[in-house]
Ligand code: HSE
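Here's a solo chain for you in structure tokens, the form predicted alone.
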């Protein structure tokens, strides 16, 4: 077993237009880092949380990384898997974590999911990988549930496993892999403002939708899945239109309508809100266009809303969370 490990879990984009609470993908950066080491006392201790401006709890029962780590620790203790890997020797039952937030809070980039994934992965690495990566999903979801109030895998699954994921259902949990077209490039722009996920979710939950709106979203969802299988980026861009959540949420993001127009004018194939916002994402077919779209989106945020922003461009992260030096 290792004395100390360090892992990275990437940010993610969820919904992907019409796929509310169903679709998500991992991006290369930013992400969260968690370090873990054994300690003599049982249970989880969080030694420090950095990069959060003092806003996140160090209480392991309220910090999502701590909850995910504790969930996996309990599983390993009950299953005896860790002892088997040590030839029957009794493994340590306590871990100490350092949580390093490297993405903005309330950004729409799956920050709580990344921390949850990193907490579970760090413990698994510390014990010598007793579980396969996909088996960590329930433990990462235990952390995410603390943040969201309910279980949502559309950020957790891609952050952990990489690629583009569809959540078919939860009873039982079924996560589907969707193809990643090789030419697909993402642009993610985070403006320096916040949208509270709980409020954004309530806007959707408390709204009634005509059947025509639901049908329109189903059509775009079908088009999006077909586009990924065909590698048809033009169809993918057209299918990013969301008729359910985006019309209710776009007013929460200053300048968002102008940003969408700027993205399309600069060559984006489609543009939508990342999660509940305020980050927005666009898709293109090459790196040069992605850089041009990113610049246009940042200019639009600055000119229309007076907001500074940062942009991330590149391919879909197909590897997901990983151990780092």
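In this text the structure is predicted, and so the values were computed from the model without any measurement. Positions refer to the first chain, counted from 1.
Beyond what is shown, the protein has a form predicted together with this ligand; the following relates to that form.
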Heavy atom within 4.5 Å of this ligand in the predicted complex - residue from 197, 217, 145, 71 | 197
Quick one: in the predicted complex, does every one of 75, 124 and 133 get a heavy atom within 4.5 Å of this ligand?
-> no
Of 233-241, 95-103, 149-157, 217-225, which is the one stretch near this ligand in the predicted complex, taking non-hydrogen atoms within 4.5 angstroms as near?
-> 149-157
Taking the shortest heavy atom distance, is residue 21 within 4.5 Å of this ligand in the predicted complex?
-> yes
Is there a non-hydrogen atom of residue 185 within 4.5 angstroms of a non-hydrogen atom of this ligand in the predicted complex?
-> no
Interface membership of residue 276, this ligand in the predicted complex, 4.5 Å heavy atom rule = yes
Could you run down 240-257 and flag each residue that has a heavy atom within 4.5 Å of this ligand in the predicted complex?
-> 249
